[in-house]
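The chain below stands alone and is given in structure tokens; this is the form predicted alone.
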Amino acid sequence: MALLSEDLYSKLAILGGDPLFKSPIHVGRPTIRNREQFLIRVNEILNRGWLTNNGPYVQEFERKAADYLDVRNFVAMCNGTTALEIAIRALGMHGEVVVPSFTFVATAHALQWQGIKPVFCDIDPRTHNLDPNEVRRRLSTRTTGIIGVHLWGRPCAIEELSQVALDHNQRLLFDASHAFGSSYRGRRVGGFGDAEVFSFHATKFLNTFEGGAVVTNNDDLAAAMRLMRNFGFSGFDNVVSLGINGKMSEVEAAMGLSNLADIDAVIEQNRDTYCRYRAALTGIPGLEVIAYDDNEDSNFQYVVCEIDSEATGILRDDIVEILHAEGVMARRYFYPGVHRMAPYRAEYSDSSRHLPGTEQLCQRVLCLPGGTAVDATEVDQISEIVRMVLRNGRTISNELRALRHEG
């Protein structure tokens, strides 16, 4: 398929042209590797008849993932949200917990679901992660913990947040859902804070269909969470604590093992995709592709742009609409901010005044399909659409306004 013409923006689907892609290209298309090995493992699961309840593949996945992350304890769970909930409960968080609003809603839900008030804190607009100075301002006598999110796989200001937690006797948990394979000052993400939580949802860098884990170097905490994920059972009929069903199944672990075995090749493919986008989109006024630290490891799963609408002459939301019409399902993560979502906006109506960085970023971020979701040709085609739209931003914006007015 040929690239779009340099100057004929009228070929855009939203202006009456044909969509560039007949099948939608999504942000977060599942990565599936080692299909043959996975199917071999599935047959072994069926032959054994051991489908769940801490089976041999779950145990193997926990060992190999712990080795990869260089941590003492890797507690596999049925999904990342349950892993967050169990970690929060095991750490004894209650009352209020400081958390970013610029995150996936599950980070806050895991607190609110358990009757804990999320106190939304602003991010550093340069990093998109929690601002430690703002965290200090949001602490109160009711605060019992801090949850940082390693957004886009770029680690939080871990040392600064650790100091805040130490100074104020707070539990420190990291939502590392984006960050499997990333590093902070030469150490793999996973061993920081009291614990870190990973998601292995189908769209994540490492997926187990559904799945998650809590990782910690605290043996007592890990033991408590192993009880909690299995109804509090210690042995066959001895319930020693409160718990729920948070176990990972054998087929999920089989998927995790198959993908983990090929993780370096996936990272390399992700890096190539990211670098191709970055090369194609660098130098466009009003557009910035967020950078990853060359001195650290990253999984390069996310291709994240910031759009300055004043410089481009077109709103980020209009760009999203244009891309969707072409079959490019770009996302405006994490719009509109958790504090503006229905479960929270009434109770937290004053949150916006504490969150100027979050409010601004929610209007600027544009995520393009990355990772293994796209090949080199598709990256070039998507980049060409973006370049053409931004070169003609004000003209296209006027065209869209006229079309809406006529409609």
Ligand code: T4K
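In this text, residue numbers run from 1 along the sequence as written. Because the structure is predicted, anything quoted here is derived from the model rather than measured.
The same protein also has a form predicted together with this ligand, omitted here; what follows describes it.
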Checking Val289, Ala202, Val320, Leu227 against this ligand in the model of the complex, the residue with a non-hydrogen atom inside 4.5 angstroms turns out to be Ala202
The one option of Phe104, Phe74, Phe233, Tyr335 with any heavy atom within 4.5 Å of this ligand in the model of the complex is Phe104
- Can you check whether Asn270 is within 4.5 Å of this ligand in the model of the complex, heavy atom basis? no
Given that the partner is absent here, does Val27 sit within 4.5 Å of this ligand in the model of the complex, heavy atoms only?
-> yes
*asked:* Can you tell me if Glu85 lies within 4.5 angstroms of this ligand in the model of the complex, counting non-hydrogen atoms only?
replied: no
Checklist entry - Is Arg154 close enough to this ligand in the model of the complex to count, meaning some heavy atom within 4.5 Å? => result no
Of the candidate stretches 241-249, 311-319, 203-211, 126-134, the one with residues having heavy atoms within 4.5 Å of this ligand in the model of the complex is 203-211
Those residues of 290-325 with a non-hydrogen atom no more than 4.5 Å from this ligand in the model of the complex are Tyr302
